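Alright, here's a single protein chain in two forms, structure 1 and structure 2, each given by itself as structure tokens.
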Structure 1
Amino acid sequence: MAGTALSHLRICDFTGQLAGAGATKYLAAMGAQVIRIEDPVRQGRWDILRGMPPYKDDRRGVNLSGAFNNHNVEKLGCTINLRTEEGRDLVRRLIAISDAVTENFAAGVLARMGFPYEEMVRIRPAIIYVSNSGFGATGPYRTFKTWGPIVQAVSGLTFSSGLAGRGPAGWGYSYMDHHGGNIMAIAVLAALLHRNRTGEGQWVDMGCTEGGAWLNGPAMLDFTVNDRPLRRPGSPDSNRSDLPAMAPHGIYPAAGEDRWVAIACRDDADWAALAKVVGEPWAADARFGALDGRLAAQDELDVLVSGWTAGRDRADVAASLQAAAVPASIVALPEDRIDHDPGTEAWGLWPTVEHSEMGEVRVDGLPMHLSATDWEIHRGGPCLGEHNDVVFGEILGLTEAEIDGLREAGAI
């Protein structure tokens, strides 16, 4: 049993990877009936995560990917071959009873498979269609292909992550696949609210690179207002904070190999509190008492703070600063934040699902709790075609013989 918030809604879902599947994972955890459609001919491998590591044990196969499972919990999975007329008819029947159609194919792919927006509207006039491709459905790059790192590169997010003089560090994962999914979910929800008020559906055209470019606003205004580009000597230096200005502000070495602690002094009061915790003569230097002085001496300050943190346990540094109400945190390893963090444990952030082949597996939960209609995640991601009988039988009302016929015809 998933949540109940959206249990009155049904999604005809062609999404995959994370940039699309993440959106419908959210909707499913909130209770929407998400019917994920995959291609039986390619064994669902359009979604490259099907069959990809990590694996829970020594077994391999399209149903055993920990990544796929993580992004597809609480969905129903069925297989439909859109190359066949029978398959296209099944999709028509699903659209006819759905509130929204979601997909993140390259632009135009679903239309070429026989389902342009106009066809969806013919089947279901108030349908909401949300397409999410790298560059959107229009414009000179509409046919260009992306995955997370490409979206991040073109949208400016790769560039804006790095240390002075070292070139882009970028994001060590597909940050924009997460937010592609989140922005897509917002698009579905906003379109549903509009439909509730007006009775109208619409085609929401989302380009993931625009979603990424939208996440660097203040830096972009510094250019359009002040002619000051982020690409300038010494910039960016994203462990520091110039938007807004803070110092010291950085990630400092701690005892142990590759162990770090983050410290942010928001204002002079934070600095005074930090200086007291440090208790060394340099911390009492009057030059550092006000923000302007600390900003002017950031390089020197970073060396001094590093000298204090290096050799100290990262958790001890963070705790001693937190006790003085100064923002500080260990740089958490996955193990730290998943297995040894009272914050995530109390939140219930890592629910265990029951997967039909993998057994019990922990997955990412959701970072909000709703007081009346909270999310729930219990069922694992669907194996290929796992819910064919549920979708075609219980939901579409086909008989066993009809379903057998579809199977023999290669339609499912």
Structure 2
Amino acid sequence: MAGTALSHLRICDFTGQLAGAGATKYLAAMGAQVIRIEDPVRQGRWDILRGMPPYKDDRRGVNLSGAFNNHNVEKLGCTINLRTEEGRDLVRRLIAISDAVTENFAAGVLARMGFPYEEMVRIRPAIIYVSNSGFGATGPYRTFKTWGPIVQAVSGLTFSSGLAGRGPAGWGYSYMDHHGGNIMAIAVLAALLHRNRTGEGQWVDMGCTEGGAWLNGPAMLDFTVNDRPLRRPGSPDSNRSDLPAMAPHGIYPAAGEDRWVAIACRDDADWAALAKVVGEPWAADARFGALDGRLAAQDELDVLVSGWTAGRDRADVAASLQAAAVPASIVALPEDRIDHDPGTEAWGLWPTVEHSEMGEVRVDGLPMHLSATDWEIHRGGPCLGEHNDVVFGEILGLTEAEIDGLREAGAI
């Protein structure tokens, strides 16, 4: 992909799961040659997504995970056994010709495999090493292992979401695994920019928990200055808004099972427009004409709005309110965004890749476009060891006999 933004870069990649593999997916889609290293002995155990659902069809196996494929498109995949000296020598040779080494093992794991930062610098003085663990490589928690939901709980994010009188709800998916990958991608690019200016490589130490805590800035300021916790008696319930104050402002049921519509009245003009669309006697109640009255009666107002939306198609509700300039939208399901949204289709957010075993599969694209050096995603994620001959032969220059010897020795 010579026309893409990062086609001049090579990444020696040990990442896995979401927080790491998501970062190098960005780099690969932007044209970087990402060489993903996996363990041939443990058959994908470095990355728990290998072999996990969702699947395209009834087939199962370490090369058939839709989740793994999604986060590893456009990467080259090779297997190296770091328990062998031959395998460690292959890694040294890859580091010597790479711009960056990336990993998201627990802190210290790659060093124990024989590749601390000092060894990488010995191999290539200008190397950039980016490690991404739960708590980073320093501090009292550095030896602790985490997953996305644990990171969210420790960082304080989980506490921010929940219904009044109930325990913290958090999120139903590993938000910080995904967002951790975003931060890691920025870290790689920042270090590369520094090296382009100075010629200096460096170790970028990242902690996902700190990445989560960083998102709590306004809540932490409110607590430290005003001694107010984010969730407290009298705080906004569920989807309501008090900064700025709006009413009605929430998610309301629509016709059908688990179908919803979002409505936000920003001011009295929005309310007047909504009341006209509703056209029912309660919408003309003088109490609701001004914001103070609507805020004082939010519980009652939510019940009334819910009663109006519940028997109506969510798309019809949203369209009628949008036509009146009232902010409203269906609560989209994955099917809505992927198959029935002309805006998303025009954006090209779901490209189809060709996977060596699964065939054609749709994956996530990138949520931005560059006018001159845009991203490209065509090739599916690598099967285990799929590009061994490419990496060891074409890139490292080994002969076919040498590669066969490495296989016989159990090094690849």
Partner chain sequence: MSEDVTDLLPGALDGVVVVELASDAAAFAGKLLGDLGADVILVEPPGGHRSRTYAPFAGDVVDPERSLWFWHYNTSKRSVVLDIDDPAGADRFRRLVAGADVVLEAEPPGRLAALGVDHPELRAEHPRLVWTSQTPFGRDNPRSAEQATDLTVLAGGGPVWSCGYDDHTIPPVRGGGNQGYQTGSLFAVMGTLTSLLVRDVTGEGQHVDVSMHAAANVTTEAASYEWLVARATVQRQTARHAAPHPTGNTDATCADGRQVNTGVPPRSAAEFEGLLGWLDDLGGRERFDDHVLLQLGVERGGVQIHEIFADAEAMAIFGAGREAVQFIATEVSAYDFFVRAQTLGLACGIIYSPEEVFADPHFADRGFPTPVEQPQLGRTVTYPGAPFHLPRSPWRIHRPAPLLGEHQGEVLGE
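The structure displayed is predicted, hence computed values, not measured ones. For residue numbers, the reference is structure 1: its sequence is counted from 1. For clarity, a rigid core is taken as the largest C-alpha set superposing within 1.5 Å between two forms.
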| query | finding |
| --- | --- |
| Which of the two shown structures is the form predicted on its own | 2 |
| C-alpha of Pro218 moved at least 2 Å between structure 1 and structure 2 on rigid core | no |
| Displaced residue check between structure 1 and structure 2: Thr198, CA, 2 Å or over, core reference | no |
| C-alpha of Ser160 moved at least 2 Å between structure 1 and structure 2 on rigid core | no |
| Core-aligned CA shift between structure 1 and structure 2 for Val305 (Å) | 3.4 |
| Cα shift between structure 1 and structure 2 at Ala273, which is computed once both forms share a superposed rigid core (Å) | 4.3 |
